[in-house]
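Only one chain is shown below, in structure tokens, and it's the form predicted alone.
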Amino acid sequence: MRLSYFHSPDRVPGEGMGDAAVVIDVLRATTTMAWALHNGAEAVQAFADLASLDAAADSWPAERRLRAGERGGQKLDGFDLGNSPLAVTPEVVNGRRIFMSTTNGTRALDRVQSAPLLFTCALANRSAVAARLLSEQPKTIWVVGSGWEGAYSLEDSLAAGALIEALLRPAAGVAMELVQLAGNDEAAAAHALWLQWQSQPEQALRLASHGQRLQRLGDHDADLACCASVDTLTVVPQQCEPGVLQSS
């Protein structure tokens, strides 16, 4: 398996899509998606723009839908949910479809929507996603960070490095030489970043510019702790139709 990492969707090549793509937005979209599906959401349907979200949500029965969205880290007016993994409790999401749009994460998903195999990953489920990739054995894997409005984000690269570490782990049941970083310096740097911070992931998230942005917006300590938790979930969100993620 040859793995490449792109720190934002703007870095993804315009052609030559990998056999599998993994989208990461640790703070907080892919963490929220994983927890929502773990807690019984029927699906998470992701949208890059709000007009498309509203049109799709309006066609769904009111009792079986939730609108979730944020811009700049803040909940959108009129939406049921923002983008917090703590808000998607079983009582709120069980059996419902979540129609979701965020500043960065859903845009990254839209960018690689045509991938034959598409997962989302956070620190919380990185080993589960790694195990699924090792089981599927795609020849090429594109790992895509969501970044921040096109710029590099520390937390997404940290999680990409955590995923790479899980793929390289000898105990994972595949020879290390079968997982190649494809001469991709971003992937090698992400792996090195994880090795540096693996014992202090929450501290790394707090150091990140978006982590600091969330702290300025209010009390997000519990969100940061949740997003920094490693291997707490076994759910693997997978695209089952364009833009629609379900537990797999």
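This structure is a prediction, so every number in the text was calculated from the model and none was measured. Numbering starts at 1 and follows the sequence shown.
Keep in mind the form predicted in complex with a small molecule is missing from the figure; the text below concerns it.
Exercise for the section: With the small molecule left out of view, choose which of L214, L53, L181, L66 has a non-hydrogen atom within 4.5 angstroms of it in the predicted bound form. Expected result: After the contact test, the surviving option is L214.
Handout entry: Among 113-121, 97-105, 161-169, 130-138, the region lying within 4.5 Å of the small molecule in the predicted bound form by heavy atom distance
Key = Every other range fails; the passing one is 97-105.
Exercise for the section: Answer for W148 alone: is it within 4.5 Å of the small molecule in the predicted bound form, judged on heavy atom distances? Expected result: Taking the distances in the predicted bound form, the answer for W148 is yes, it comes within 4.5 Å of the small molecule.
Handout entry: Exercise: L27 in contact with the small molecule in the predicted bound form, heavy atom 4.5 Å
Key = Output for L27 is yes: heavy atoms within 4.5 Å of the small molecule.
Practice task
Would you check, heavy atoms only and a 4.5 Å threshold, whether H210 touches the small molecule in the predicted bound form?
Solution key: Yes, contact at 4.5 Å.
Problem - Residue contact check: E202 to the small molecule in the predicted bound form, 4.5 Å heavy atom - result: Taking the distances in the predicted bound form, the answer for E202 is no, it never comes within 4.5 Å of the small molecule.
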